[in-house]
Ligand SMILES: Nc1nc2c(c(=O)[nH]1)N[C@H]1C(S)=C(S)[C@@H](COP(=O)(O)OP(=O)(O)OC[C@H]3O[C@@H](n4cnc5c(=O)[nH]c(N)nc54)[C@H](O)[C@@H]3O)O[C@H]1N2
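Listed next as structure tokens is one chain, alone, in the form predicted alone.
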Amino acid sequence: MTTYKSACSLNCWDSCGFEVTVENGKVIKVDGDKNHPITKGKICGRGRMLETRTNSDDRILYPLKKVDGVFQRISWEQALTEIADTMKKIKNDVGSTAVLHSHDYSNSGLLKNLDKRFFNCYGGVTELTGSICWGAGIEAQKWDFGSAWSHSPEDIFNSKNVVIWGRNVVRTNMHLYSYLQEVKKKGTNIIVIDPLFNATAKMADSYISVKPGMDGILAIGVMKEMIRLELEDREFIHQYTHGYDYLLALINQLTFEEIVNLTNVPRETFTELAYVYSSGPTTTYLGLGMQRYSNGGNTIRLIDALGAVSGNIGIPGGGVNFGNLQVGGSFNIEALSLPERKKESRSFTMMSQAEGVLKAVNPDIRMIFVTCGNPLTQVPNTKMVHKAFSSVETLVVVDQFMTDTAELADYVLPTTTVFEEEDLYYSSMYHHYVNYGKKLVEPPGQAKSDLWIWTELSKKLGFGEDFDFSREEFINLGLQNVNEKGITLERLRNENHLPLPVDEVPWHDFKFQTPTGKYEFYSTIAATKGYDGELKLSFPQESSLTNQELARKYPYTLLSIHPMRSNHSQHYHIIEALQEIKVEISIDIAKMKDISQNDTVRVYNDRGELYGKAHILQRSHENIINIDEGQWSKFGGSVNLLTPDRESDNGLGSTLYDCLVNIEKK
């Protein structure tokens, strides 16, 4: 029995360090690495369950081909030859963009970028842009700051006030929760803003309930009150911002009475928040849900503007923290992915990939190749996704388990887990440490690493020299940009984790990456992309404000938050307690519809329906229903049967929460 240092591959906020115990060639236990400077030995159940995923009897062990509707075991030689022959024919007949590469981010390994290398060397395919998860918010912060950077985790000790806005850190960012507990003991004021009274709100000094989709209006109200009280940071605004007059014009469009009615937030709360933000340093941690609306990018921009107006940008203890693209930007992704090898290219957004497939011409989509994802569960508007993925001649899925997407495939290629391959792991969401993961055990059956799959396929397609590198050589390629900072594979193998060279207090020199070099209330980047750069008064598309007829038919807002015990859809099949749909409803709905705890209910709209057991929320905003995302079809079906596949206002995010439904007791 031997214990090794390792790392979590799950793409979440925390990117934990592991200690993994191996006995007789089998992983038997996963614990936290107590020496990791951020995660400090604490890991969540999702991380621990990577042992169960690795050892599961349900692993796909051999390449599979569907023949007359039934999967048959085939050899790797047959699978790769047939897939390569199909790809050659498609490229020769209609061009390489007739292949769609549907890629998501289930694994945060550095070498997961090599699938892009493969498809670029093939000649370029139809790719996906944007992100179902955080795309609108990332793009919004690029418009405001020039990029999306966050303060280091330890900077929270410089904060007088901490605002957790739309992020349940207990569920999604447990190590931030540990920091919250520490700073609270030191007297830091903690405020939670969220439609749902969650576990993080329980430990906060105050909780503010806001109507879903109205977070940006709340930010407008706080700025309006700051200006009325003359609490704004005039020096920062004058010296380091661009387009302030546009913001003032927007703020003056609404009265406080209108703001209170739109947000359902009491008038006095705006005054309290105005003083909180002006008496900083005040740091804001943003969640992902509030940018999953049609107005999602604008919402994040308005909260960014609140940080700027209050002078909490570029100072220790301040910041508006969403993502941290500094982290991923440390690596030489271009050296790994070879974008210059594309000869053709086309793109669909990740949210509307199904519509893209169904409408594609010149060429139409002949093949879909799925890596690091489960679109039949995770992509919105599931019925359309199923229709689109069923319409193509060939669907290839690389996975460890027979997911909803794999069930639909023509070929399923079994791949390795985190403990069966060497890689580096990091997250561009919270901390800036890169973690080393050693290969600890051999994969079962004939499961192969993604790198092996791409290498063998590339040989059959005539560009094998582009993959004629060892795994170690590929990792070193990715580390080229940070070698001069002393970050090498050798050191990572010895030390297990190293900090990447990032600004721990972003924008501390007040030099922003925008065209003006300033923080931009009016975005010149947006203007160059064909968008109006002004901040707007905008609302969700599915709401009583914008579509009264729809709201009369479907009066309730559906949220689809991240599950507590599964990383998206990755753990449902190995945790029996998750294999039932839980429909959380606000208490006002329960009273109106005479629904009791554990009643069977039907939730529905024009896109689909789901059945589940009712769980009554004792404290939340009114007219809210939540169904956790990620559920598999064989356990009742994904909440994405109900969600829309529209794109956010800036084109790069989803509108999953911009969703109206009705409910009935069965």
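When you see a residue number, it is the position in the sequence shown, counting from 1. Since the structure is predicted, the reported quantities are computational estimates derived from the model, not experimental observations.
If you look for the form predicted together with the named molecule, you will not find it shown, but the lines that follow are about it.
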- Task: Name the single residue among 149, 119, 143, 165 that comes within 4.5 Å of the named molecule in the model of the complex, judging by heavy atoms.
- Result: 165
- in the model of the complex, the residue from 520, 194, 139, 304 with a non-hydrogen atom within 4.5 Å of the named molecule is 194
- Query: Counting only non-hydrogen atoms, which stretch in 565-573, 458-466, 267-275, 524-532 is within 4.5 Å of the named molecule in the model of the complex?
  - Reply: 565-573
- Task: Find out whether any non-hydrogen atom of residue 132 is located within 4.5 angstroms of the named molecule in the model of the complex, and reply yes or no.
- Result: yes
- Task: Check whether residue 514 has any heavy atom within 4.5 Å of a heavy atom of the named molecule in the model of the complex, and answer yes or no.
- Result: no
- Given that the partner is absent here, does residue 323 sit within 4.5 Å of the named molecule in the model of the complex, heavy atoms only? no
- Item | Contact test in the model of the complex: residue 318 vs the named molecule, heavy atoms, 4.5 Å | no
- Message: I have 215, 372 and 415 flagged as a candidate spot, so tell me whether each of them has a non-hydrogen atom within 4.5 Å of the named molecule in the model of the complex.
- Response: yes
- Item | Interface residues of 602-631 toward the named molecule, as seen in the model of the complex [heavy atoms, 4.5 Å] | 629
